[in-house]
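Just one chain follows, in the form predicted alone, and it is written as structure tokens.
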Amino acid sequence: MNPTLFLKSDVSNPYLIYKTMLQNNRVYWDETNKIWAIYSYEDCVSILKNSKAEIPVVNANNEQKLNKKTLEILNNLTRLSNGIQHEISKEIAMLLFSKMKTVAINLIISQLIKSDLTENKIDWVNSVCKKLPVLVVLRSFGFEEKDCEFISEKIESLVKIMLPQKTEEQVKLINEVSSAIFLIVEKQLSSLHFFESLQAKISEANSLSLDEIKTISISNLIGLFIQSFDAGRGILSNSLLQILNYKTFSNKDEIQKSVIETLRFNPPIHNTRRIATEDISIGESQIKKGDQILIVLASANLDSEKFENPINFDIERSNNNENLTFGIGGHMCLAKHFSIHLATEALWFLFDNYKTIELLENNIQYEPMINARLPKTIWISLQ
């Protein structure tokens, strides 16, 4: 099997591949796919922090035939932008994050469980993980209940906007959903008391019109929905599996440590991509301008030069929070602390309110994705 671009659904244990590559090919040129794969912690950090390694363009020249609103969202997302555009988008995204209100996570998860619990059984992924993170973000910004329901129902179609390649059917659904969600978010943002001053502040500092600031703001709030669905779903799913396996659920502190160690040991996102805008040297390897780069974050998290006994799930390891799952440098995921907090609160609610939680599946199936390892379902019993 090719060690670089493979579907996580096709491999029972991708970490064995990463272990082999760490031992033999820490920086690897994949001739078949014409891409560099970076496996070691040190080299992944080097690329993530290198200004000569930029986020690749998605949908150049709109060959995917996205409509106007979809393009506005895609072209303004912080995680897909570079240079000054990235700096402006990041500043706006951080300001939006700072305005999130605290919501009752326990109440939301309780309602989700009660709605879908049948004969003491529930699919943790589809009943909770795909819904809770997005609902928390939506309610943090005061969206009306009908809008929360609509966006929660449509978010799985919307996240396909991030795919480098899309089918005609996916494009059709994305165009329909993104236009509707854009208008909902525009209406809600415009009603929030802080938004006018935020617009004026960013506009004056960056010589952009108020309408341009509004579009960037709408796009990045939608980006928070997308990140919440992808990363939030994965953290909640993978953390539950590890906590059940290692029985690390005696108190909330132990739950939080388990979430952080899961992000290192069994992360939802396994790799991210860059493109070299100039020649880059890594050890004896020469990455040429225009070369594609795959940064294998999940492999870096297993590097024994960084983490002691990395193949062991150890919640007491002192540097577990230095995992690269959320990235590092300018493009580090802004939702890191939010995601860890949400997963900790949700999982502690689960183990604090149910005396017995049992996994009902022996063989977890994963989504057919190259960049992420996300369980399709996790059936559990709650007593």
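Just so it is clear, the model here is predicted, and its values are computed rather than measured. Residues carry their position along the shown sequence, with the first being 1.
Although not depicted, the form predicted together with a small molecule is the subject of the following passage.
Trainee: Out of 137, 240, 161, 216, which one falls within 4.5 Å of the small molecule in the model of the complex, going by heavy atoms?
Mentor: For this set of options, the contacting one is 137.
Trainee: From the list 269, 125, 181, 294, which entry has a heavy atom within 4.5 Å of the small molecule in the model of the complex?
Mentor: For this set of options, the contacting one is 269.
Trainee: Heavy atoms within 4.5 Å of the small molecule in the model of the complex: which stretch among 220-228, 183-191, 281-289, 103-111?
Mentor: Comparing against the small molecule in the model of the complex, the contact stretch is 220-228.
Trainee: Do residue 78 and the small molecule come within 4.5 Å of each other in the model of the complex, heavy atoms counted?
Mentor: Within the cut-off, so yes.
Trainee: Would residue 57 count as a contact of the small molecule in the model of the complex, using a 4.5 angstroms cut-off between non-hydrogen atoms?
Mentor: Heavy-atom contact with the small molecule at 4.5 Å: absent for residue 57.
Trainee: Just checking whether residue 338 would be counted as a contact of the small molecule in the model of the complex - the rule being heavy atoms within 4.5 angstroms.
Mentor: Heavy-atom contact with the small molecule at 4.5 Å: present for residue 338.
Trainee: May I ask you to check whether residue 90 falls inside a 4.5 Å heavy atom distance of the small molecule in the model of the complex?
Mentor: Residue 90 belongs to the contact set for the small molecule.
Trainee: Taking the small molecule in the model of the complex, would 8, 15 and 38 all count as contacting it (heavy atom within 4.5 Å)?
Mentor: Verified in the model of the complex; spot residues all out of contact, no.
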